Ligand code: BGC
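So this first bit is one chain, no partners, the form predicted alone, shown in C-alpha coordinates.
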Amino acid sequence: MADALPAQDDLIRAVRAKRMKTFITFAAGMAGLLFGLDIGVISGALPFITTHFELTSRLQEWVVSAMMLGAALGAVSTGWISFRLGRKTSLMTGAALFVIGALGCSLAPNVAILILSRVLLGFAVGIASYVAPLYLSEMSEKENRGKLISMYQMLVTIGILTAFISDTIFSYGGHWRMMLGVISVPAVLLMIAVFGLPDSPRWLASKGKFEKAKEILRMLNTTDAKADSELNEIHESLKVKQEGWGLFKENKNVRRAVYLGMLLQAMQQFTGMNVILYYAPQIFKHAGFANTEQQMIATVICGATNVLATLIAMKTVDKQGRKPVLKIGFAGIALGTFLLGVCLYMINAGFDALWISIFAILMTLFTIASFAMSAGPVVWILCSEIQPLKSRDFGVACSTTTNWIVNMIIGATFLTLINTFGIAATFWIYTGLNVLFIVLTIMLIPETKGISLENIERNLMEGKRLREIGV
(Lines give C-alpha, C1' and ligand atoms only; values in the text may rest on other atoms or scores of the structure.)
Protein backbone atom coordinates (compact mmCIF):
# COMPACT_ATOMS: atom_id res chain seq x y z
CA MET A 1 0.00 0.00 0.00
CA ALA A 2 2.86 2.37 0.87
CA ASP A 3 4.39 1.88 -2.59
CA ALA A 4 1.03 2.43 -4.27
CA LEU A 5 0.60 5.94 -2.90
CA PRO A 6 3.80 7.41 -4.44
CA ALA A 7 2.95 5.74 -7.74
CA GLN A 8 -0.50 7.29 -7.63
CA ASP A 9 1.01 10.70 -6.81
CA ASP A 10 3.39 10.37 -9.76
CA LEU A 11 0.48 9.54 -12.05
CA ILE A 12 -1.51 12.55 -10.85
CA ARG A 13 1.51 14.79 -11.35
CA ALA A 14 2.10 13.46 -14.86
CA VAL A 15 -1.54 14.09 -15.79
CA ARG A 16 -1.38 17.64 -14.42
CA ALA A 17 1.86 18.35 -16.29
CA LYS A 18 0.36 17.05 -19.51
CA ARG A 19 -2.76 19.19 -19.06
CA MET A 20 -0.69 22.30 -18.42
CA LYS A 21 1.47 21.67 -21.50
CA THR A 22 -1.66 21.16 -23.59
CA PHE A 23 -3.10 24.42 -22.33
CA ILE A 24 0.19 26.24 -23.01
CA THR A 25 0.21 24.89 -26.56
CA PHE A 26 -3.43 25.91 -27.08
CA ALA A 27 -3.08 29.42 -25.63
CA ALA A 28 0.18 30.26 -27.43
CA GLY A 29 -1.20 28.61 -30.54
CA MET A 30 -4.15 31.02 -30.52
CA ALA A 31 -1.61 33.73 -31.36
CA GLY A 32 -0.65 31.66 -34.39
CA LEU A 33 -4.31 31.32 -35.38
CA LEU A 34 -4.69 35.11 -35.34
CA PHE A 35 -1.42 35.46 -37.22
CA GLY A 36 -2.83 33.22 -39.96
CA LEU A 37 -6.21 34.94 -40.04
CA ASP A 38 -4.56 38.29 -40.66
CA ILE A 39 -2.32 36.87 -43.40
CA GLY A 40 -5.17 35.11 -45.18
CA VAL A 41 -8.03 37.57 -44.87
CA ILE A 42 -6.65 40.23 -47.17
CA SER A 43 -6.54 38.04 -50.29
CA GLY A 44 -10.34 37.67 -50.37
CA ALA A 45 -11.12 41.17 -49.16
CA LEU A 46 -8.73 43.00 -51.50
CA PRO A 47 -10.83 42.76 -54.71
CA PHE A 48 -13.84 44.26 -52.90
CA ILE A 49 -11.73 46.91 -51.15
CA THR A 50 -10.22 47.83 -54.52
CA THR A 51 -13.67 48.35 -56.01
CA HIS A 52 -15.02 50.20 -52.95
CA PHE A 53 -12.15 52.68 -52.68
CA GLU A 54 -11.17 52.59 -56.39
CA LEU A 55 -7.59 51.59 -55.61
CA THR A 56 -4.68 51.68 -58.05
CA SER A 57 -2.22 48.77 -58.16
CA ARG A 58 0.14 50.78 -56.00
CA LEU A 59 -2.50 51.41 -53.33
CA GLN A 60 -3.42 47.72 -53.39
CA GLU A 61 0.20 46.92 -52.60
CA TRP A 62 0.13 49.42 -49.73
CA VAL A 63 -3.04 47.91 -48.26
CA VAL A 64 -1.38 44.48 -48.35
CA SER A 65 2.09 45.53 -47.18
CA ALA A 66 0.94 47.94 -44.43
CA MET A 67 0.42 44.96 -42.14
CA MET A 68 4.00 43.80 -42.74
CA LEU A 69 5.32 47.27 -41.92
CA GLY A 70 3.42 47.15 -38.62
CA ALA A 71 4.66 43.61 -38.00
CA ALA A 72 8.29 44.71 -38.43
CA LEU A 73 7.74 47.55 -35.97
CA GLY A 74 5.99 45.17 -33.59
CA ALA A 75 8.81 42.63 -33.73
CA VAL A 76 11.41 45.32 -32.93
CA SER A 77 9.36 46.69 -30.02
CA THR A 78 8.48 43.27 -28.67
CA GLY A 79 12.13 42.43 -28.15
CA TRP A 80 12.22 45.08 -25.43
CA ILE A 81 8.77 44.26 -24.00
CA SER A 82 9.45 40.52 -23.92
CA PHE A 83 12.85 40.98 -22.28
CA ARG A 84 11.65 43.45 -19.66
CA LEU A 85 8.13 42.26 -18.89
CA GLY A 86 8.09 38.64 -20.01
CA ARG A 87 6.44 36.48 -22.64
CA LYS A 88 3.01 36.46 -20.99
CA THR A 89 2.68 40.26 -20.86
CA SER A 90 3.79 40.49 -24.47
CA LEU A 91 1.11 38.02 -25.61
CA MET A 92 -1.54 39.96 -23.68
CA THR A 93 -0.48 43.20 -25.36
CA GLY A 94 -0.65 41.55 -28.78
CA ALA A 95 -4.17 40.20 -28.13
CA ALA A 96 -5.45 43.67 -27.21
CA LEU A 97 -3.95 45.19 -30.35
CA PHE A 98 -5.51 42.42 -32.48
CA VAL A 99 -8.95 43.49 -31.26
CA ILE A 100 -8.36 47.22 -31.85
CA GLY A 101 -6.75 46.70 -35.27
CA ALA A 102 -9.43 44.32 -36.55
CA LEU A 103 -12.24 46.67 -35.56
CA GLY A 104 -10.38 49.63 -37.08
CA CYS A 105 -10.04 47.82 -40.42
CA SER A 106 -13.70 46.82 -40.54
CA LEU A 107 -14.95 50.33 -39.74
CA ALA A 108 -12.45 52.31 -41.87
CA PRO A 109 -14.21 55.22 -43.67
CA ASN A 110 -11.36 55.70 -46.17
CA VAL A 111 -8.24 53.98 -47.42
CA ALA A 112 -5.91 56.04 -45.18
CA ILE A 113 -7.64 54.81 -42.00
CA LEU A 114 -7.68 51.29 -43.42
CA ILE A 115 -3.91 51.37 -44.00
CA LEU A 116 -3.26 52.80 -40.52
CA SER A 117 -5.45 50.09 -38.97
CA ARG A 118 -3.57 47.47 -40.98
CA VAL A 119 -0.29 48.83 -39.56
CA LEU A 120 -1.72 48.49 -36.01
CA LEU A 121 -2.93 44.98 -36.79
CA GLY A 122 0.51 44.20 -38.15
CA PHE A 123 2.03 45.40 -34.88
CA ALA A 124 -0.04 42.72 -33.13
CA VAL A 125 1.06 40.12 -35.69
CA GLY A 126 4.69 41.10 -35.09
CA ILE A 127 4.24 40.45 -31.39
CA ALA A 128 2.56 37.09 -32.01
CA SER A 129 5.14 35.92 -34.56
CA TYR A 130 7.96 36.87 -32.17
CA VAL A 131 6.70 35.78 -28.77
CA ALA A 132 4.68 32.63 -29.42
CA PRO A 133 7.45 30.46 -31.01
CA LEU A 134 9.96 31.79 -28.47
CA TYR A 135 7.61 31.00 -25.58
CA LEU A 136 6.87 27.51 -26.88
CA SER A 137 10.56 26.72 -27.38
CA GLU A 138 11.29 27.72 -23.78
CA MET A 139 8.35 25.77 -22.32
CA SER A 140 8.91 22.49 -24.18
CA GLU A 141 11.18 19.48 -23.73
CA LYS A 142 13.93 19.13 -26.32
CA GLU A 143 12.38 15.89 -27.65
CA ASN A 144 9.10 17.65 -28.49
CA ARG A 145 10.29 21.19 -29.21
CA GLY A 146 10.02 20.87 -32.98
CA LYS A 147 6.58 19.30 -32.74
CA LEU A 148 5.22 22.05 -30.49
CA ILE A 149 6.51 24.89 -32.64
CA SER A 150 5.20 23.05 -35.70
CA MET A 151 1.85 22.93 -33.91
CA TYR A 152 2.02 26.73 -33.71
CA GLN A 153 2.75 26.88 -37.44
CA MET A 154 -0.14 24.51 -38.10
CA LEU A 155 -2.48 26.90 -36.28
CA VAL A 156 -1.13 29.68 -38.50
CA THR A 157 -2.17 27.63 -41.52
CA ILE A 158 -5.56 26.84 -39.95
CA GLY A 159 -6.00 30.59 -39.46
CA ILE A 160 -5.20 31.17 -43.13
CA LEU A 161 -7.67 28.47 -44.19
CA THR A 162 -10.34 29.86 -41.86
CA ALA A 163 -9.81 33.31 -43.35
CA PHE A 164 -10.17 31.91 -46.88
CA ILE A 165 -13.41 30.11 -45.95
CA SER A 166 -14.76 33.19 -44.18
CA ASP A 167 -13.83 35.36 -47.17
CA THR A 168 -15.63 32.97 -49.50
CA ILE A 169 -18.81 33.06 -47.39
CA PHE A 170 -18.83 36.84 -47.14
CA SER A 171 -17.81 37.30 -50.79
CA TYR A 172 -21.30 36.44 -52.07
CA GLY A 173 -22.60 39.67 -50.57
CA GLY A 174 -19.36 41.61 -50.99
CA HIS A 175 -19.12 42.08 -47.19
CA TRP A 176 -15.44 42.93 -46.97
CA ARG A 177 -15.90 44.75 -43.66
CA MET A 178 -17.19 41.55 -42.08
CA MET A 179 -14.20 39.68 -43.51
CA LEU A 180 -11.86 42.03 -41.65
CA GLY A 181 -13.90 42.50 -38.46
CA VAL A 182 -14.54 38.85 -37.59
CA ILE A 183 -10.89 38.52 -36.48
CA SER A 184 -11.73 40.41 -33.28
CA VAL A 185 -13.62 37.36 -31.94
CA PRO A 186 -10.63 34.96 -31.59
CA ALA A 187 -8.53 37.93 -30.41
CA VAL A 188 -10.82 38.26 -27.37
CA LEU A 189 -10.49 34.52 -26.75
CA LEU A 190 -6.70 34.86 -26.81
CA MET A 191 -6.84 37.59 -24.18
CA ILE A 192 -8.86 35.32 -21.91
CA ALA A 193 -6.55 32.33 -22.45
CA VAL A 194 -3.33 34.24 -21.74
CA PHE A 195 -4.50 35.02 -18.18
CA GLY A 196 -3.99 31.34 -17.31
CA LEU A 197 -0.46 30.99 -18.72
CA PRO A 198 2.66 30.71 -16.55
CA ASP A 199 5.64 32.80 -17.56
CA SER A 200 8.73 31.23 -19.09
CA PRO A 201 11.09 29.70 -16.47
CA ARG A 202 14.05 30.65 -18.65
CA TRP A 203 12.92 34.29 -18.69
CA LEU A 204 12.27 34.20 -14.93
CA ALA A 205 15.76 32.77 -14.32
CA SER A 206 17.30 35.50 -16.49
CA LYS A 207 15.68 38.00 -14.10
CA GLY A 208 17.02 36.22 -11.02
CA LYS A 209 13.64 34.74 -10.05
CA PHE A 210 14.97 31.21 -9.59
CA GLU A 211 12.42 30.02 -7.05
CA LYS A 212 9.54 30.95 -9.33
CA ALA A 213 11.34 29.35 -12.27
CA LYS A 214 11.81 26.14 -10.24
CA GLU A 215 8.13 26.14 -9.29
CA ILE A 216 7.05 26.33 -12.95
CA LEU A 217 9.60 23.73 -14.08
CA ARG A 218 8.31 21.32 -11.43
CA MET A 219 4.78 21.98 -12.62
CA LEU A 220 5.81 21.12 -16.21
CA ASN A 221 7.94 18.06 -15.41
CA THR A 222 6.95 14.69 -14.02
CA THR A 223 9.80 14.54 -11.48
CA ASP A 224 11.61 17.09 -9.31
CA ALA A 225 14.95 15.67 -10.43
CA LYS A 226 14.18 16.38 -14.07
CA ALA A 227 13.03 19.92 -13.24
CA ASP A 228 16.14 20.59 -11.14
CA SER A 229 18.40 19.27 -13.91
CA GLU A 230 16.76 21.63 -16.40
CA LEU A 231 17.17 24.54 -13.99
CA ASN A 232 20.86 23.71 -13.57
CA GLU A 233 21.33 23.84 -17.34
CA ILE A 234 19.65 27.26 -17.36
CA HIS A 235 21.99 28.37 -14.53
CA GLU A 236 25.00 27.38 -16.63
CA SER A 237 23.80 29.27 -19.70
CA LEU A 238 23.24 32.41 -17.62
CA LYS A 239 26.88 32.69 -16.59
CA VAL A 240 27.54 34.90 -19.62
CA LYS A 241 27.09 38.37 -18.16
CA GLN A 242 26.36 40.52 -21.22
CA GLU A 243 22.92 40.89 -22.77
CA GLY A 244 21.29 41.80 -26.07
CA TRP A 245 22.95 44.51 -28.07
CA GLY A 246 26.03 44.56 -25.82
CA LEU A 247 26.58 40.83 -26.31
CA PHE A 248 25.98 41.22 -30.05
CA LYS A 249 28.72 43.87 -30.26
CA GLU A 250 31.24 42.05 -28.11
CA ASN A 251 30.81 38.40 -29.09
CA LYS A 252 31.33 37.26 -32.68
CA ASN A 253 29.59 33.95 -32.00
CA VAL A 254 26.41 35.74 -30.98
CA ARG A 255 26.64 37.81 -34.16
CA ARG A 256 26.89 34.58 -36.16
CA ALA A 257 23.68 33.28 -34.57
CA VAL A 258 21.83 36.55 -35.15
CA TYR A 259 22.90 36.75 -38.80
CA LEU A 260 21.94 33.12 -39.36
CA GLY A 261 18.47 33.77 -37.94
CA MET A 262 18.05 36.79 -40.20
CA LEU A 263 19.21 34.77 -43.21
CA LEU A 264 16.75 31.97 -42.41
CA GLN A 265 13.82 34.36 -42.27
CA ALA A 266 14.84 36.07 -45.51
CA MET A 267 15.09 32.65 -47.17
CA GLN A 268 11.63 31.71 -45.94
CA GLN A 269 10.02 34.85 -47.32
CA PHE A 270 11.84 34.89 -50.67
CA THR A 271 10.49 31.43 -51.48
CA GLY A 272 7.49 33.31 -52.92
CA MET A 273 4.94 31.51 -50.76
CA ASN A 274 3.35 34.61 -49.30
CA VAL A 275 2.64 36.23 -52.66
CA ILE A 276 0.44 33.23 -53.38
CA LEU A 277 -1.41 33.77 -50.11
CA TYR A 278 -1.75 37.55 -50.46
CA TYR A 279 -2.66 37.62 -54.15
CA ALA A 280 -4.25 34.20 -54.69
CA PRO A 281 -7.38 35.45 -56.52
CA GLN A 282 -5.25 37.55 -58.90
CA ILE A 283 -2.99 34.56 -59.62
CA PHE A 284 -5.99 32.34 -60.37
CA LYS A 285 -7.39 35.07 -62.59
CA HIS A 286 -4.16 34.94 -64.61
CA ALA A 287 -4.52 31.13 -64.66
CA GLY A 288 -7.83 31.42 -66.48
CA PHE A 289 -10.39 31.35 -63.64
CA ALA A 290 -12.37 34.44 -64.50
CA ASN A 291 -15.22 34.71 -61.98
CA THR A 292 -14.84 35.54 -58.30
CA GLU A 293 -16.52 32.36 -57.07
CA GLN A 294 -14.01 30.12 -58.89
CA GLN A 295 -11.11 32.18 -57.58
CA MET A 296 -12.34 32.04 -53.97
CA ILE A 297 -12.98 28.29 -54.06
CA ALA A 298 -9.49 27.72 -55.46
CA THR A 299 -8.12 29.88 -52.64
CA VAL A 300 -9.88 27.73 -50.02
CA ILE A 301 -8.32 24.62 -51.59
CA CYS A 302 -4.91 26.30 -51.24
CA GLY A 303 -5.59 26.94 -47.56
CA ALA A 304 -6.61 23.32 -46.97
CA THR A 305 -3.44 22.11 -48.68
CA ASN A 306 -1.40 24.39 -46.43
CA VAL A 307 -2.94 22.83 -43.31
CA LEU A 308 -2.54 19.22 -44.45
CA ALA A 309 1.10 19.71 -45.46
CA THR A 310 1.89 21.32 -42.10
CA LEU A 311 0.54 18.17 -40.43
CA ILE A 312 3.21 16.26 -42.36
CA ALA A 313 5.86 18.62 -40.98
CA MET A 314 4.65 17.99 -37.43
CA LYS A 315 5.16 14.25 -37.94
CA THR A 316 8.59 14.50 -39.56
CA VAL A 317 10.50 17.47 -38.12
CA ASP A 318 11.50 15.70 -34.86
CA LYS A 319 12.15 12.39 -36.67
CA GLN A 320 13.77 13.32 -39.99
CA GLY A 321 15.40 16.49 -38.71
CA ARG A 322 15.38 20.14 -39.73
CA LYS A 323 18.02 20.16 -42.45
CA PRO A 324 16.78 17.31 -44.71
CA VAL A 325 13.24 18.67 -44.56
CA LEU A 326 14.46 22.14 -45.58
CA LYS A 327 16.43 20.84 -48.56
CA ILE A 328 13.50 18.79 -49.86
CA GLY A 329 11.13 21.71 -49.31
CA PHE A 330 13.21 24.27 -51.20
CA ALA A 331 13.63 21.81 -54.08
CA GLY A 332 9.85 21.28 -54.21
CA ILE A 333 9.13 25.02 -54.16
CA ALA A 334 11.67 25.60 -56.95
CA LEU A 335 10.03 22.95 -59.11
CA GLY A 336 6.51 24.19 -58.36
CA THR A 337 7.19 27.87 -59.10
CA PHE A 338 9.06 26.98 -62.29
CA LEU A 339 6.21 24.87 -63.68
CA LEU A 340 3.59 27.39 -62.50
CA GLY A 341 5.50 30.04 -64.44
CA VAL A 342 5.50 27.82 -67.53
CA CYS A 343 1.71 27.38 -67.28
CA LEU A 344 1.10 31.12 -66.85
CA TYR A 345 3.42 31.87 -69.77
CA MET A 346 1.45 29.49 -72.01
CA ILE A 347 -1.89 30.99 -70.94
CA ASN A 348 -0.68 34.54 -71.58
CA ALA A 349 0.63 33.41 -74.98
CA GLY A 350 -2.88 32.38 -76.00
CA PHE A 351 -3.01 28.69 -75.13
CA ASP A 352 -6.43 28.33 -73.49
CA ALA A 353 -6.63 24.57 -72.98
CA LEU A 354 -8.38 23.62 -69.74
CA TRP A 355 -5.59 21.23 -68.74
CA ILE A 356 -3.10 24.11 -68.53
CA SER A 357 -5.28 25.99 -66.03
CA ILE A 358 -5.80 22.81 -64.00
CA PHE A 359 -2.06 22.06 -64.04
CA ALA A 360 -1.37 25.65 -62.90
CA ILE A 361 -3.64 25.08 -59.89
CA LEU A 362 -1.92 21.76 -59.15
CA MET A 363 1.51 23.43 -59.25
CA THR A 364 0.24 26.17 -56.94
CA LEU A 365 -0.90 23.49 -54.49
CA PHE A 366 2.41 21.62 -54.87
CA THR A 367 4.34 24.82 -54.09
CA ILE A 368 2.20 25.50 -51.02
CA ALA A 369 2.61 21.92 -49.79
CA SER A 370 6.38 22.02 -50.26
CA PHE A 371 6.61 25.22 -48.23
CA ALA A 372 4.19 24.15 -45.48
CA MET A 373 6.02 20.89 -44.79
CA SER A 374 9.44 22.54 -44.69
CA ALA A 375 10.41 26.23 -44.58
CA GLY A 376 7.10 27.30 -43.03
CA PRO A 377 7.55 25.64 -39.62
CA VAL A 378 11.26 24.72 -39.71
CA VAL A 379 12.58 28.28 -40.01
CA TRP A 380 10.60 29.37 -36.93
CA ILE A 381 11.87 26.32 -35.04
CA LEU A 382 15.51 27.01 -35.93
CA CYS A 383 15.28 30.72 -35.16
CA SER A 384 14.00 29.97 -31.66
CA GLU A 385 16.69 27.29 -31.09
CA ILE A 386 19.96 28.85 -32.26
CA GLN A 387 20.01 32.05 -30.16
CA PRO A 388 21.91 32.05 -26.82
CA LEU A 389 19.68 32.56 -23.79
CA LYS A 390 21.22 35.86 -22.67
CA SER A 391 20.64 37.41 -26.10
CA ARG A 392 17.66 35.31 -27.23
CA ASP A 393 15.19 38.22 -27.14
CA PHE A 394 17.53 40.36 -29.22
CA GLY A 395 18.34 37.57 -31.68
CA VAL A 396 14.73 36.51 -32.23
CA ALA A 397 13.72 40.18 -32.56
CA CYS A 398 16.28 40.63 -35.34
CA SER A 399 15.19 37.52 -37.22
CA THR A 400 11.47 38.22 -36.84
CA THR A 401 11.93 41.84 -37.93
CA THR A 402 13.82 40.58 -40.98
CA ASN A 403 10.89 38.29 -41.77
CA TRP A 404 8.44 41.17 -41.84
CA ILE A 405 10.68 43.64 -43.64
CA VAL A 406 11.26 41.12 -46.44
CA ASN A 407 7.56 40.20 -46.31
CA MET A 408 6.68 43.88 -46.75
CA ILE A 409 9.06 44.20 -49.71
CA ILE A 410 7.48 41.17 -51.39
CA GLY A 411 3.91 42.35 -50.75
CA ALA A 412 4.72 45.86 -51.96
CA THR A 413 6.41 44.79 -55.18
CA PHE A 414 4.59 41.72 -56.50
CA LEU A 415 2.06 43.53 -58.68
CA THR A 416 4.80 45.88 -59.88
CA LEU A 417 6.99 42.90 -60.85
CA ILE A 418 4.08 41.36 -62.77
CA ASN A 419 3.44 44.65 -64.60
CA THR A 420 7.15 45.02 -65.39
CA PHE A 421 8.35 41.48 -66.19
CA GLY A 422 5.14 39.47 -66.53
CA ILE A 423 3.73 36.93 -64.09
CA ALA A 424 5.65 33.96 -65.52
CA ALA A 425 9.05 35.65 -65.22
CA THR A 426 8.16 36.78 -61.69
CA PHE A 427 7.68 33.19 -60.56
CA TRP A 428 10.89 32.15 -62.35
CA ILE A 429 12.76 34.70 -60.25
CA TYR A 430 11.50 32.88 -57.16
CA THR A 431 12.58 29.58 -58.73
CA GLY A 432 16.17 30.81 -58.95
CA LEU A 433 16.10 32.01 -55.35
CA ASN A 434 14.89 28.62 -54.08
CA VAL A 435 17.73 26.85 -55.88
CA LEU A 436 20.14 29.21 -54.10
CA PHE A 437 18.48 28.36 -50.76
CA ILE A 438 19.24 24.66 -51.22
CA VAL A 439 22.94 25.53 -51.48
CA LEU A 440 22.80 27.83 -48.42
CA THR A 441 21.04 25.11 -46.40
CA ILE A 442 23.79 22.62 -47.18
CA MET A 443 26.55 25.10 -46.35
CA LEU A 444 25.23 26.92 -43.28
CA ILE A 445 22.19 25.42 -41.58
CA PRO A 446 22.72 23.20 -38.49
CA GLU A 447 20.77 20.09 -37.53
CA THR A 448 19.27 20.73 -34.06
CA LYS A 449 16.95 17.73 -33.75
CA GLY A 450 16.96 16.33 -30.20
CA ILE A 451 19.65 18.75 -28.94
CA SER A 452 18.97 20.87 -25.84
CA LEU A 453 19.00 24.65 -26.21
CA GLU A 454 21.90 24.79 -23.75
CA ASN A 455 24.04 22.36 -25.82
CA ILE A 456 23.35 24.30 -29.01
CA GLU A 457 24.48 27.46 -27.20
CA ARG A 458 27.60 25.76 -25.87
CA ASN A 459 28.64 24.61 -29.34
CA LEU A 460 28.01 28.07 -30.76
CA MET A 461 30.09 29.78 -28.07
CA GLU A 462 32.94 27.32 -28.60
CA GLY A 463 33.20 28.64 -32.15
CA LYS A 464 32.04 25.57 -34.02
CA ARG A 465 30.95 26.11 -37.60
CA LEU A 466 27.31 27.08 -37.86
CA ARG A 467 26.28 23.89 -39.58
CA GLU A 468 27.86 21.92 -36.72
CA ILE A 469 26.42 23.67 -33.64
CA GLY A 470 23.69 21.04 -33.35
CA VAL A 471 26.13 18.12 -33.31
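Only a predicted model underlies this, so the values are computations on that prediction, with no experimental measurement involved. Residue numbers run from 1 along the displayed sequence.
What follows is about the form predicted together with this ligand, which we do not show.
A heavy atom within 4.5 Å of this ligand in the predicted bound form is found for one listed residue only; from 337, 299, 384, 157, this is 157. Only one of the listed residues (332, 198, 186, 376) places a non-hydrogen atom within 4.5 angstroms of this ligand in the predicted bound form, and that residue is 376. At a distance of at most 4.5 angstroms from this ligand in the predicted bound form, all three residues 277, 306 and 380 contribute at least one non-hydrogen atom.
The stretch in contact with this ligand in the predicted bound form, judged by heavy atoms within 4.5 Å, is 399-407, chosen from 426-434, 399-407, 413-421, 50-58.
Shown alone here, residue 78 lies farther than 4.5 Å from this ligand in the predicted bound form, counting heavy atoms only. Under a 4.5 angstroms non-hydrogen atom cutoff, this ligand in the predicted bound form has residue 39 among its neighbouring residues. Of the heavy atoms in residue 153, some are within 4.5 Å of this ligand in the predicted bound form. Among residues of the shown chain, residue 325 is not one whose heavy atoms approach this ligand to within 4.5 Å in the predicted bound form.
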